[in-house]
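For reference, the chain that follows is the form predicted on its own, supplied as structure tokens.
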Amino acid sequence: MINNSEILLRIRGLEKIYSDDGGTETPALRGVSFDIRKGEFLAIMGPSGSGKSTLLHILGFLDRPSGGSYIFENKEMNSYNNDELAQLRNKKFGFIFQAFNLLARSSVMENVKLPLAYADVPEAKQTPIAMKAIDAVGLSHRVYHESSKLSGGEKQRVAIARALVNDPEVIFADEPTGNLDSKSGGQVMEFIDKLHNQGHTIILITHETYTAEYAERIIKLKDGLIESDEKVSSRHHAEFKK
């Protein structure tokens, strides 16, 4: 049984409805409820249009729900204004996206330092902190390379370094292997799994079974509803990671 103190995110009846200019409403989430424990590795799966990316955007404070409740660290999301959410997002969350979202003409170092600047970390401290994150993903030999000249796998490792540079509580990974070959994708998932083993909470959005099976638990969405919420058996999990 989970103690409330271990629950990091609590979702109750979460809804998201999009409206077009003609007033037509399209529900993306239809009353989703679940909890995420601190230090958990959760995969969210579902076909295109199932609501998984919408859910990630709300959980990561990138969007607000239309209804329901989202409590993070015992505080309701709706009690924050947009500036407060932006500050929390930068300090508490790290994001890894399928498209990398790097500044193409900036170096690896400049990309990784970016969240530190937004967090008002003094300039003198930014480079050593960023260097530690770059070392952690094995890219110390690429520090001053322009990010546009890196391979896909290297770009995603830069994105991982940028995601962990502020030592976030939660790392959101949105289809992190979607643009990679199987070898590079496997390497990226090994890095993400390592972050989980270091104590980070991981929320992975994926449609790929092999990436989802790195997680301890898999939620499957369909048409904005939870179709299943199951733990990955410890035996299967151990065998899969061999």
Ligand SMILES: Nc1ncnc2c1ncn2[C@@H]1O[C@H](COP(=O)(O)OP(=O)(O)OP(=O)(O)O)[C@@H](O)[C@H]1O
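Keep in mind that this is a model prediction, so the values were computed, not measured. Numbering starts at 1 and runs along the sequence shown.
The same protein has a further form, the form predicted together with this ligand, not shown here; the description that follows concerns it.
- Checked against this ligand in the predicted bound form, the residues Ser182, Ser48, Asn197, Thr209 give one hit for a heavy atom within 4.5 Å, which is Ser48.
- Screening Ala28, Ile36, Val32, Ile202 for any heavy atom within 4.5 Å of this ligand in the predicted bound form leaves a single hit, Ala28.
- Residue contact with this ligand in the predicted bound form: Gln187 places no heavy atom within 4.5 Å of it.
- Interface residue remark: Glu40 is not counted as part of the site for this ligand in the predicted bound form, having no heavy atom within 4.5 Å.
- Segments offered: 65-73, 51-59, 189-197, 211-219. Contacting this ligand in the predicted bound form at heavy atom distances within 4.5 Å is 51-59.
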